[in-house]
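Have a look below at one chain only, the form predicted on its own, in C-alpha cells format.
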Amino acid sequence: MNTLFDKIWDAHVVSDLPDGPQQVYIDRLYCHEVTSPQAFDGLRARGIRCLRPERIYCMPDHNTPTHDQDKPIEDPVSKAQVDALERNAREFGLTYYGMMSPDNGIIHVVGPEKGLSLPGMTIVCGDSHTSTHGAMGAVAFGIGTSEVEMVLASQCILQKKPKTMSIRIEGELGKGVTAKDLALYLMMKLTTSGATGYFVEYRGSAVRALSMEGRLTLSNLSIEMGARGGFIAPDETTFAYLKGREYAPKGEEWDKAVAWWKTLQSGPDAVFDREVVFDAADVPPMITYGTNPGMGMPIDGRIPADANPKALAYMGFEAGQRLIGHPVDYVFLGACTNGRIEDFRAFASLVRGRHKAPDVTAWLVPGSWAVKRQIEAEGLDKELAAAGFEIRQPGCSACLAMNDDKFPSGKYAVSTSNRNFEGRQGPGSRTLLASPLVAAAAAVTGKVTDPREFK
C-alpha cells in the first residue's frame, strides 16, 4: 500500500459495492469515433444527457485519412463513423476537434499536448492505449463501450481495483536506444501477459531520465504486457512540459497545482503486489519478429529457437534467422506510440544527408496538427523532403487497418506503432515493430539495419 496508484485511485472512489467493484469518479473522458456511437445511442434510449460535458473531449482519429482531409472521406464506413461522432458531440454539447481543426490529431497525442491530461487525474477512453496519459502521473486506462456510456451518464465507472506492480529500470540507456526499445525489451522479458491484472508504475533512474515524449511512449505500451495501465510519477520534467499548455492551470493556480503534484509519489514504505528490476545498460535497439509485441529480440540477434511456429510461418521467418539485412517494403513513423515531435527529430537526425531507398514506401504521419506545425517551424519537413520523404496529415494512419493507409499482403513494414498482430496493418501484411531510429535506418537502406551503424 501507500503507492502512488493507491493514492490516486482511493481519492477517486465514490463508494464501495458490497462484494463487488468500486464506483470511481473520472476526471476526463476522451471519445473517438470507433467505440462511442453505441454509448451515445444508449443515452438517447434512456432520454438522458451527459452529466458533466465540460469534462468530455471528442475527436476522430482512427478512420481519418492522412491526405486530402479538406475533402469528404471516400470510404463510406469511415465517413459514417466520423460523421456520427461530430453529430453526437454537437447534440450532447461536447467539445469536438474535427478533421482540419488545428486542435485535431490522435486523441492520445492531443490530450497531453493541450494540458488536458494532468497529474493526479483519472482518465478513460474507449481505447486500450489510453494508458499513454499515465506518463503525466495520471491513472489512465481503456474502457469498453458500455463503460463509455456509464461515464457519459454519471462521470463515474464501476471497476475492480487492480493490483500494483513496480517496474524499476536503473542506469543509462545506451546510444541509439530509445524508450520504444525499452518498452519492447520489457515485453520480451515479461511477455505480453506478464503484467496482467496489474497497474504498473515505472520507476528508477532510467525512467526519470526520459523526456516526456519517451515517457508517453513507455506508458503507451503498458497494455501490450497485459497491464491495466502504466504510469510515471510526476516530476520537474512533467511540470516543465505542462507549463503554459492551453488547459494547464495558470498563475496562482499553477503554483498550487505543482505543490500538490509534488506530493504524488509512492512513499518510501510503499508495498507493491509485484516488483521487478532491470538494468538499462542491458537494453539494445529492438525489433519484433512475430505476431505480438512480446515477440521481440535485439536487432543484431537471432530469432529464438523456441519461437512460435505459426507466427514464423505468417511472417515468413525461421527460428535462428537474423533479421539484419532483411529487405523492407514499407516504413511507418507515427501512431500514438511514436508520432510526437521528438520522434520526428530522431528520424530526421538519422536520414539527414542521406536519401530514402528507392524500393521503400515511407509514411511519416504526425500525431497531431500541433506536431505538424512544429515539424514545419523547425524546418524538419524541408530536411526530410530533401531526403525523399513527405509529411502526411495527422491521424492513426497505418497503425491499424481502419483507414486508407494499409500495407499490402506479404509486404514487410518496419513500423513505430504498437501492435503487430496478423492483419493489424492490412490483410496479410507483416509488421516489424521498432523505434523511430530503426525505422529511419530501414528507410534509407531498404533493409533491417542497426541504427548504431549510423552513430
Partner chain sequence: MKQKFDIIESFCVPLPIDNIDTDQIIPARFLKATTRDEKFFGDNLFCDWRYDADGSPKAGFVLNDPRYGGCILAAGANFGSGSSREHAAWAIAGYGFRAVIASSFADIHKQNELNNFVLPVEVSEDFLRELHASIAANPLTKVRIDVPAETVTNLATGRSERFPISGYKKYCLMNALDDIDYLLEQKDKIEAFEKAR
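Note that the coordinates shown come from a computational prediction; the quantities given were computed from them, not determined experimentally. Positions refer to the first chain, counted from 1.
What follows is about the form predicted together with its partner chain, which we do not show.
Using a 4.5 Å cutoff between non-hydrogen atoms, K447 does not count as a contact of its partner chain in the predicted complex. Its partner chain in the predicted complex is not approached by R90, whose heavy atoms all lie more than 4.5 angstroms from it. Although the partner is absent from this view, I223 contacts its partner chain in the predicted complex, with a non-hydrogen atom inside 4.5 angstroms. Of the heavy atoms in D68, none are within 4.5 Å of its partner chain in the predicted complex. The single contact residue among S78, S266, T95, Q321, judged by any heavy atom lying within 4.5 Å of its partner chain in the predicted complex, is S78. The chain is drawn here without its partner chain; in the predicted complex, the stretch among 267 to 275, 173 to 181, 123 to 131, 342 to 350 whose residues come within 4.5 Å of it by any heavy atom is 123 to 131. Contact check at 4.5 Å (heavy atoms) against its partner chain in the predicted complex: none of V110, H355 and G410 pass. Contact annotation for 3 to 42: residues with any non-hydrogen atom within 4.5 angstroms of its partner chain in the predicted complex are A11, H12, V13, V14, S15, L17, P18, D19, G20, P21, Q23, Y25, D27, V34, T35, P37, Q38, D41, listed in sequence order.
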